[in-house]
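Quick heads-up: it's one chain on its own, the form predicted alone, in structure tokens.
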Amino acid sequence: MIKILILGGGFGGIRTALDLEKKLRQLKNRKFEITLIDRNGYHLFTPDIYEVASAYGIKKDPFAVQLKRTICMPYADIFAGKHINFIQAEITEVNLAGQAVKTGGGHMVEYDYLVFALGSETADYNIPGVKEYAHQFKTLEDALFINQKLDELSEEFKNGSRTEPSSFLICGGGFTGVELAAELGCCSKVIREKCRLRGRCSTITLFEAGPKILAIVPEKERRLFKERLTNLGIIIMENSPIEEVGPDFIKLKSGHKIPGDLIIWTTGIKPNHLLADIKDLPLTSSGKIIVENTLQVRGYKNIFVAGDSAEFIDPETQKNVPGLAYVAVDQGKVAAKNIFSLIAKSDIKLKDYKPFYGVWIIPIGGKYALAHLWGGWLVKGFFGWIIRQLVDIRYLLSIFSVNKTLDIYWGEVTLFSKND
């Protein structure tokens, strides 16, 4: 029995599991066991997490079931009919020498092949007050908290206990910060109309420590982003590194202090903390795993990495490959192909991972997105949003049946388009 163990059920882990299971079924004379371990019982569709945070005016239940089912995809559904085992557990120890992983319940899971697909965590850069007062924006719980805060603030307007605009301070001018700021801008207009307010109901400020928001975006496209954000009422503050975060304010290194009702931290990621505790795992100074071109961990033929845990330098740019969902998917495909080749005793050379991340589609509030496609082709506005929807549908079809995909997608569209 050949045992393959995958740690983490993000985009890279899911793709590795599904592709490998499909390939291994071809080997009639080999018995195999694929196991995926994740702390949650669902795969989180992070590209739509900003939609959950800003979904205002939806009839709520105590467990937010309606919101959860739009971006939480149970592993039981994804792996239905597949020869893939799922264990919901915290990973407490990885023994590379003994080829075993220990879970929080003390259970030991052995492996012949291991895949690290643990994803990343939010980085606070040791800025005072971030851990205590800034609200992170990475998990389902983070998004639901912001959603609840929107409801609370609107109720204050309705009952007259608040007359001044609420203030949202979004720290981080990357894709995540821009998406969230834009959608909150659209949501703010809806709240103003429903609460029958004459003036603004909120101010939304986007802070970027560097000289420009969206640093990897060409200048022409950055201008389009800034124009759209400004039209939505977003205040953009570039060259504004944060020195301290308090319970209801942030302090910039310039000494300027800005008050806020909700401080949201969308800047920076770091590798999963578990990696640093694994003996003999080769790590870079930033804490990521050192990998070969085949995505094998340096020094280990039977261990692979997919997603944010890998330190993979693009030979063309000499920069680390960015942590994008489709990058993790591509790496998961390569990891699965190479593990299959090793198991099948194939004489072919293992496949090298060739990074590609030149395409991106960023929603900027409502049914409006900016799509940077192959060859630099740019599509903006409603048609950019349509392309984004097609990309989402394509991903859902890669893990679900057509009927299940349409059911999930229709639920998302009918729920999230109310504020558009």
Ligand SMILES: Cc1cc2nc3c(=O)[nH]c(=O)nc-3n(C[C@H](O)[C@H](O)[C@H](O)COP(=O)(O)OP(=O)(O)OC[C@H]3O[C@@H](n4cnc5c(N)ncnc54)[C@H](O)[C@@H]3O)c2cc1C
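If you're wondering where the values come from, they're calculated on a predicted model, not measured in any experiment. A residue's number is simply how far along the shown sequence it sits, counting from 1.
Same protein, other form: the form predicted in complex with the named molecule, not shown, and the subject of what follows.
Choose one stretch from 256-264, 240-248, 271-279, 220-228: the one whose residues place a heavy atom within 4.5 angstroms of the named molecule in the model of the complex. Going by heavy atoms within 4.5 Å, the stretch is 271-279.
Quick check on Lys333: any heavy atom within 4.5 Å of the named molecule in the model of the complex? No - in the model of the complex, heavy atoms of Lys333 and the named molecule never come within 4.5 Å of each other.
May I ask you to state whether Asn40 is within 4.5 Å of the named molecule in the model of the complex, using heavy atom distances? Asn40: contacts the named molecule in the model of the complex.
Please determine whether Gly287 contacts the named molecule in the model of the complex, using a 4.5 Å cut-off between heavy atoms. Contact check for Gly287: no, nothing within 4.5 Å of the named molecule in the model of the complex.
Give a yes or no for Thr46: in the model of the complex, does one of its heavy atoms lie within 4.5 Å of a heavy atom belonging to the named molecule? Result yes; Thr46 sits at the interface with the named molecule in the model of the complex.
When you measure heavy atoms, are Ala182, Lys367 and Gly384 every one within 4.5 angstroms of the named molecule in the model of the complex? Not one of the three qualifies.
Ala328, Val130, Val297, Ile170 - the one with a heavy atom within 4.5 Å of the named molecule in the model of the complex: By the 4.5 Å criterion, the partner-contacting residue is Ala328.
One residue of Val178, Val115, Leu118, Ile204 in contact with the named molecule, assessed in the model of the complex (non-hydrogen atom, 4.5 angstroms): Exactly one listed residue reaches within 4.5 Å, namely Leu118.
Given a 4.5 Å distance limit between heavy atoms, list every residue of 68-89 close to the named molecule in the model of the complex, or none if there are none. Heavy-atom contacts within 4.5 Å come from Tyr75, Ala89.
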